[in-house]
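Next up: just one chain, as structure tokens, the form predicted alone.
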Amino acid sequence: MTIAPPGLRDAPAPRVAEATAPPPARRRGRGSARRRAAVAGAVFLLPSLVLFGYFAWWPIGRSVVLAFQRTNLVSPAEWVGTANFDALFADPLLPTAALNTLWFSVLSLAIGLPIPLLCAVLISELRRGGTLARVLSYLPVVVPPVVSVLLWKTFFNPGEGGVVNSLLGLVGIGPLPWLQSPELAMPSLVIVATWSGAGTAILIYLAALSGVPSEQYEAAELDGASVWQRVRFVTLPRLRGVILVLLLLQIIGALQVFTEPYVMTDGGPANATVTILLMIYRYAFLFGNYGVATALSVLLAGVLVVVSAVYLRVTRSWSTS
């Protein structure tokens, strides 16, 4: 009997290796199939990329270029360098608009974040009438924004006949000059914005609450947890990811507020409700200065990008823990 050398005992026999390895023609066939699949995927994806790039990214790039030009959108544009930004920073109304926008955002988060969450928790606890409560909570969203703003403008009538003042008069308050007072005008706009947009947030919270296992609530009840303790230790941790996403969307939306100050107060009284987007509108469509309007839009977009990046960086660990 012939014994193979030790170094060759574990080596596969040449005939076995050749039998198990795929033939070269089959390997070339697999590689060719992958390339054809990749090309086919790229061909199917190309129309979507072209449309998305044309309607989403090309306007952004065009806006950046327009911020350094002087144009009336009819005559050929003139390159002016940073003159649009110089004119913008020389406008004394810009700091006021920035502070007003920031104040609106703070009030929107203070009022608009907890109210939809509270309403969603209360609706989820209803044993009867939950569907009706969902419909009523979402009803303001289907009202056109301009209609709802004009409706609230009537409610905020400064006289005793105003709806809000009539209700406050029942408890001996008022009448108050809601939209005519520099101190009350911005909170009034926040109330309208919260009323208009809370329905969507409530439905999102309710959808997230439906995914919370009922066993956790039952276990908390057996342990003697109160309603607040169940909300704090069961509901809120389960909704953490949704809350963080909605908070970011609310920050972005608040920094771009336009409809409420434009329709209800037109920036008044005494520029107390002038916002950044209202300034952009005035520059573009009242003064015809599209270059400065675009420069302000680019600055606002840059601020939103920075705020979003910082927010996502800070809350990364919170959303995954």
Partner chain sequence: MKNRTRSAIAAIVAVPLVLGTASCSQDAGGDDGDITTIEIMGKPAATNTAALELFEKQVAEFEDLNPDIRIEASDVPWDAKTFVTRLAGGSAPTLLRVPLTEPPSLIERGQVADLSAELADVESFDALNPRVMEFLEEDGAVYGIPEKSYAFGLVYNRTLFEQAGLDPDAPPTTWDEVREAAKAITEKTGKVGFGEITTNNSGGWHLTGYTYTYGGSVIEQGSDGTWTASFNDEPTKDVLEWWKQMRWEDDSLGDNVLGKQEDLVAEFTAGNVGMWISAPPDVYPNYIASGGDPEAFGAGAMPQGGADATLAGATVLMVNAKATDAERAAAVKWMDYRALRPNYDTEVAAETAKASAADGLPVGVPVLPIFDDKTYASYTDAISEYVNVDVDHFASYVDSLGSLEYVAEPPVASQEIYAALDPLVQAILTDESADIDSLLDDAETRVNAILAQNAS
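Computed from a predicted model, the values in this text were never measured in an experiment. Numbering follows the first chain given and starts at 1. The term rigid core refers to the most C-alpha atoms you can superpose between the two forms while keeping them within 1.5 Å.
There is also a form predicted together with the partner chain; it is not shown, and the following applies to it.
**Prompt:** Here the chain is shown alone; which of 131, 72, 210, 226 has a heavy atom within 4.5 Å of the partner chain in the predicted complex?
**Reply:** Checking each option against the partner chain in the predicted complex, the one that comes within 4.5 Å is 72.
**Request:** Have a look at 95, 159, 114, 144 for me and say which one sits with a heavy atom within 4.5 Å of the partner chain in the predicted complex.
**Result:** It is 159 that has a heavy atom within 4.5 Å of the partner.
**Asked** Taking heavy atoms only, is residue 182 within 4.5 angstroms of the partner chain in the predicted complex?
**Response** Yes.
**Asked** Any chance residue 287 has a heavy atom within 4.5 Å of the partner chain in the predicted complex?
**Response** Flag for residue 287 set to yes.
**Message:** in the predicted complex, does residue 68 come within 4.5 Å of the partner chain, counting heavy atoms only?
**Reply:** Answer no; every heavy atom of residue 68 is more than 4.5 Å from the partner chain in the predicted complex.
**Asked** Are any of the heavy atoms in residue 51 no more than 4.5 Å from a heavy atom of the partner chain in the predicted complex?
**Response** Because a heavy atom of residue 51 falls inside 4.5 Å of the partner chain in the predicted complex, the answer is yes.
**Request:** Can you check 191-199, 84-92, 210-218, 245-253 and let me know which stretch has heavy atoms within 4.5 Å of the partner chain in the predicted complex?
**Result:** Going through the listed ranges, the match is 84-92.
**Asked** Hey, which residues along 238-262 are within 4.5 angstroms of the partner chain in the predicted complex, non-hydrogen atoms only?
**Response** Sequence-ordered list has one entry, 262.
**Prompt:** By the 2 angstroms cut-off, has the C-alpha of residue 36 moved between this form and the one not shown once the rigid core is superposed?
**Reply:** Shift at residue 36: 2 Å or more after core fit.
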